[in-house]
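Have a look below at one chain only, the form predicted on its own, in structure tokens format.
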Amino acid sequence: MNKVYHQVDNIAGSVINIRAKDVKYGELAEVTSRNGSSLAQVIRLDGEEVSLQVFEGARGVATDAKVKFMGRAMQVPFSEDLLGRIFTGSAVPRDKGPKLEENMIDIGGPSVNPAKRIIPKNMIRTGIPMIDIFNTLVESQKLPIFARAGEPYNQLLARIALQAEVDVIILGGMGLKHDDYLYFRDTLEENGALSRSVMFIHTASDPVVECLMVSDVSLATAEQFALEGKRVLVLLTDMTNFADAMKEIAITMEQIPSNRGYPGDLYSQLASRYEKAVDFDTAGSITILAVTSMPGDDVTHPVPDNTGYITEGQFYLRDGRIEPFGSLSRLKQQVNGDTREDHRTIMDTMIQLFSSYRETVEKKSMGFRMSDWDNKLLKYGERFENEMMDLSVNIPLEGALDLGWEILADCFDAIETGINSDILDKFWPKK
């Protein structure tokens, strides 16, 4: 039988406090006042003192409001009918489509038992050379995209959503500007990718508690698709907004703050989401790419700093491009030896030469005379930036490898690259 209480002790922001018995952390409640009803979630227990976060905000909630506990945690419907749909952070339709209420599943469950996981072994092709060649995305990997404000990280996620060779895309937007939400929606719809996508969108004007729910709802849905044998790619943006929502609620509840005001369990909260990435031994997989914006371009900010300890590498987005130095996929060795024989050779050689190009640019800026070798590096670096690093480039992996050989042959003699003669004999372009 559902428990009902009629006395609210305290209201602070969107958090209400009551005294109740036999209530569980994360349990849902319905708060009914003169202005209507709203869902709320238990976010703190201290004996019989219960704090609830009201989804729609506590404005209009009076001290005599009726609080009815529902005896269950937050749930989201699951079926194939989710594909092509857009929902809010609390799984309410945002696209004016029908509300789904069948096959409800809990959100925020534990990570998958390690015994049910297998070693990542499959590449996810994206058509982006800076990912496919140099920092390969691997199925079941968890990777953040570190970027400062103003970088086109949402545009990058949209391109990956269009081009990634997976079965299902789940996009979780947290604190999005309305224009960014419309951009995702229109881009996926116009390019025919919405039919294999599910979008859970929280905009900056929506209740803050929904921001916290987006990642859990997205990952719970992804897990169900993966258990059906689907390869699922979860795209989350922006995890810094998620952490800021945590901080806002923690301040409202007068919790003792940790670094820069964030709650002390920031690491655990982030890790519990990222650890949902998995490759099942008898089913599908979940891969997570999550934008983490860096206030002031500061990688030591608590959110990117904690994220770096959890994830398996990172992509750095700088000046509208994936930066080759600093970006890292720790699992790329699992797959790039099985793609094409020359993959690792092209990856290592082109990055080494690009590093020399960067040094040459510095020499040139300081007025040093350029040698023939320096001029070759300058020509190479310009082609590499325009034809490999530019995010508008869309080439399959094999085409990108062929382009790499073409750029090397156009800028250098074969012997200058330092590549093994056996590889050169097989792949160096014949003029």
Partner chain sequence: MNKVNGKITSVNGNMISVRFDEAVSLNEVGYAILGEVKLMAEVIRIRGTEADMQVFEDTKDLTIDGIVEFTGELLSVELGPGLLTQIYDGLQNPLPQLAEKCGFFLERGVYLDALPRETKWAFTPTAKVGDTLTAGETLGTVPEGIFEHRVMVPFNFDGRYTVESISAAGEFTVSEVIAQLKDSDGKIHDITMLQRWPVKLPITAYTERLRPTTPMTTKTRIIDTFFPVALGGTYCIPGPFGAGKTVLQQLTSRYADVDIVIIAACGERAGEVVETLREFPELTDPRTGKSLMERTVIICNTSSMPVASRESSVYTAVTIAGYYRQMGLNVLLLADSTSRWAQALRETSGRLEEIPGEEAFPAYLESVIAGFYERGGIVTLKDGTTGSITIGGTVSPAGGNFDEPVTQATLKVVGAFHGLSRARSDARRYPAIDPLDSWSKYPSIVDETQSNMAKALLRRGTEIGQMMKVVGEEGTSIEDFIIYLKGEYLDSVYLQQNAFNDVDSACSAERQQEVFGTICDFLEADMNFADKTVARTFFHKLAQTTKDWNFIEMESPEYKQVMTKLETMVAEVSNNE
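Residue numbers count along the first chain shown, from 1. Computed from a prediction, not measured in an experiment: that's the story for all the values here.
Beyond what is shown, the protein has a form predicted in complex with the partner chain; the following relates to that form.
In terms of contact with the partner chain in the predicted bound form, the residue from G326, G337, P93, P295 that brings a heavy atom within 4.5 Å is G326.
For the partner chain in the predicted bound form, the listed stretch (182 to 190, 83 to 91, 157 to 165, 106 to 114) containing residues with heavy atoms inside 4.5 Å is 106 to 114.
Contact between R19 and the partner chain in the predicted bound form is not found at the 4.5 Å heavy atom cutoff. Taking the partner from the other structure, the partner chain in the predicted bound form has no heavy atom within 4.5 Å of any heavy atom of G175. Interface membership of T287, defined by any non-hydrogen atom within 4.5 Å of the partner chain in the predicted bound form, is ruled out. Of the heavy atoms in F242, none are within 4.5 Å of the partner chain in the predicted bound form. Although the partner chain is not shown here, in the predicted bound form the stretch 283 to 299 places heavy atoms of A283, V299 within 4.5 Å of it, in sequence order.
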